[in-house]
Structures are given as structure tokens and as C-alpha cells.
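Let's start with one chain on its own, the form predicted on its own, as C-alpha cells.
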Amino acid sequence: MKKIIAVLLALVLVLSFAAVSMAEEDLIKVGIINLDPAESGYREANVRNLTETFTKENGYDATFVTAPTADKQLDAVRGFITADVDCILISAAETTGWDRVLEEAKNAGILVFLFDRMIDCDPSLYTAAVVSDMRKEGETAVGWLEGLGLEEYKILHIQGQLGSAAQIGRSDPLTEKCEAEANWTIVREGTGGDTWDPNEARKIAEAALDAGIEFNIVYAENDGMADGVVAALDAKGISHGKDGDVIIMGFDCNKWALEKVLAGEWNFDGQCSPFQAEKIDAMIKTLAEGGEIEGLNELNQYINDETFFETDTITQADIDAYGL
């Protein structure tokens, strides 16, 4: 009897290992290249969305790489090509310099999906892009500013990672407006660097204030950097927000930032949705089942719908629904 039981147990173990092996073979191998989650609340939410979606339970063998610079991202893509993954997902640190490596991925039969940020290349080099319209975000913010009807716009412009799609999209409409209108001036401009650092933004504001440069608008390209500038204003006793001396503008809609808009400490916060994983998951599985992706534009993009919030109209319900 004991021998029979032992044989049966051995058979169960063999079948179990075979089932695991078959299950692993059925998993879709995905390489995901993202920026540092410490960059912002937006990025934390984006990383969490991806890790919760691309799981073994959901049919994936996913490898996640944090690569904050373009050179490290290119190395990561080539590593995934060598590993013979099925799909590569990329949030690009910079918009240019991708053509060769994307051609390598395409020649290897690997599907490439862009998320969060666009790459400046032929759309045939990636399968689809699930992104925000960063330029529209910038145009919306500049349009909101224009609607204030100020006599003079003296702007402290805090940029994000130079060369990234988010920085270009949010910067260009403001730069173009200042070039076109005599009463619109960027009085000081600087960047929070690759990590969109609030401390770097604070230093830029402090240097401007110490130099006696006057500004009535802070146009910061993410919430963290806006908060860094506000810290510099508070240290100097300069009022800001609703009925204050300086208008505060941020992007991303972190919950804490929207609470500052509701409290009247900030004036504006532009939305940038970090939730792209579910859409890409659906696209991959559609293709795996022999279907076709629908709803893409001529650039193979699926554009997230986004909005903005201002201190005069925001509600607690908005914060509950949209705050990250």
C-alpha cells in the first residue's frame, strides 16, 4: 500500500510540474521600461497600475526595469530583444534617438507599445501608443491663463525633464504665446531635471527672488515642482493662490495638489492620467486572439481624455474622483 501511495504522490508531483511548465509557456513575456517611481505621485500611480495589471494571474511573465535616462532605456530594450520577449512597453525619457533600436525590435517580431510619453519616429516602428496629448495639456493651461485677462503676464517657468514629451508638450504653447504677445514674458526659466525635482524648482525660485526678479505666475510642469516654488514664496512671505500676488499652476492632479487648489492656495492643476496599463493589456490580448486594435489615430495613438481644475470651481467630489 505504501509503495502505491508513493507512486501516486510521485505521479501527482510530475503532473504538477508539467502543469506549471505548460502554464509558464502560455504566459506572454513582457518587458516594461519605466521612469523612476520617486519622480512624482503621477509616476508612482503609473508604476502601480502597470505592476497590478501585468501579473502571472493575468497571463503575463513581466520584467520591470526602472531606467530614468535614454541611454539606460536603450540598453534595456536591447536586453529584452536578446531575451526574446513578446512585447516591450516603453515610457520614453526622451523623444528622439529610438529609430534603430525600434527597428531591431520590429525585425525580431516583438510588439512595442508606448505609454505615457511619445517617441518621435515613424509610427510603423511601434504597435500602439497609449498616451496623453501633452501639447493639448499645455494649450489648455495657456488658454486658461489667457482667460484671466491680466494686463501683464510675468511668468516663472519651471520645466520638467528637457527633451521629454511631457516637457515639450507643456512648454511649447507657453513659449509660443510669449513670443506672440508683448505682455507675456518668461522672466526666469529652469528645470527640475530628469527627476522633476521640487528642490531644484525651489532653488530656481529662490534665485529669481534674491535677484529681485518679479513674477505673478508660476507655471510648473508638475505638482512637485510647483510645491517647491511655493515653499520659496512662503519663506519670503509672498502670498499666492486665490487673491494672492502669485498665481500657482501645476500638472498631474495629485490628491494633495488638488486639495491645495480647493483651499485656494493654488489656482490651477492640469490632469495627466497615469492609467494606461488596462488599455495596453486589452490590446495585447486582442492581437493574441487574432483580432485587430481599434480606435487608433493616424499615429497609432490612443489618446486619454483629460481635464483641469481651478480654485473657483473645484469640488471635493473632483478630488475624490481624480486625485492620485
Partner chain sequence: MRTKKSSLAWLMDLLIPLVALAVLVLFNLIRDPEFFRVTIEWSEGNPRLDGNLISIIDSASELAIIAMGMTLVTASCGGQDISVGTVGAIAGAIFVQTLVRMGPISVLTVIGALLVCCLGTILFKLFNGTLVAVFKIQPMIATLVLYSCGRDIGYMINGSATEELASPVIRAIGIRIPGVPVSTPFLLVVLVGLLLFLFFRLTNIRLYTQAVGVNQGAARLNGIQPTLIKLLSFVILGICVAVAAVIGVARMGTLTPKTLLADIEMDAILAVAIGGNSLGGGKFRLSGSVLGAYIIQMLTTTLQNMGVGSEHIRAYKAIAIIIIVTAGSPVIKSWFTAMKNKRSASADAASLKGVG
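Residue numbers count along the first chain shown, from 1. Keep in mind that this is a model prediction, so the values were computed, not measured.
The same protein also has a form predicted in complex with its partner chain, omitted here; what follows describes it.
For Gly241, no non-hydrogen atom is located within 4.5 Å of its partner chain in the model of the complex, even though that partner is not displayed. Residue contact with its partner chain in the model of the complex: Pro173 places no heavy atom within 4.5 Å of it. Not displayed here, its partner chain is kept clear of Lys279 by more than 4.5 Å at the level of heavy atoms in the model of the complex.
Although the partner is absent here, Gly264 sits far enough away that none of its heavy atoms falls within 4.5 Å of its partner chain in the model of the complex. Only one segment in the set 242-250, 194-202, 140-148, 214-222 has residues whose heavy atoms sit within 4.5 Å of its partner chain in the model of the complex; it is 194-202. Applying a 4.5 Å heavy atom cutoff to its partner chain in the model of the complex picks out no residue from 303-324.
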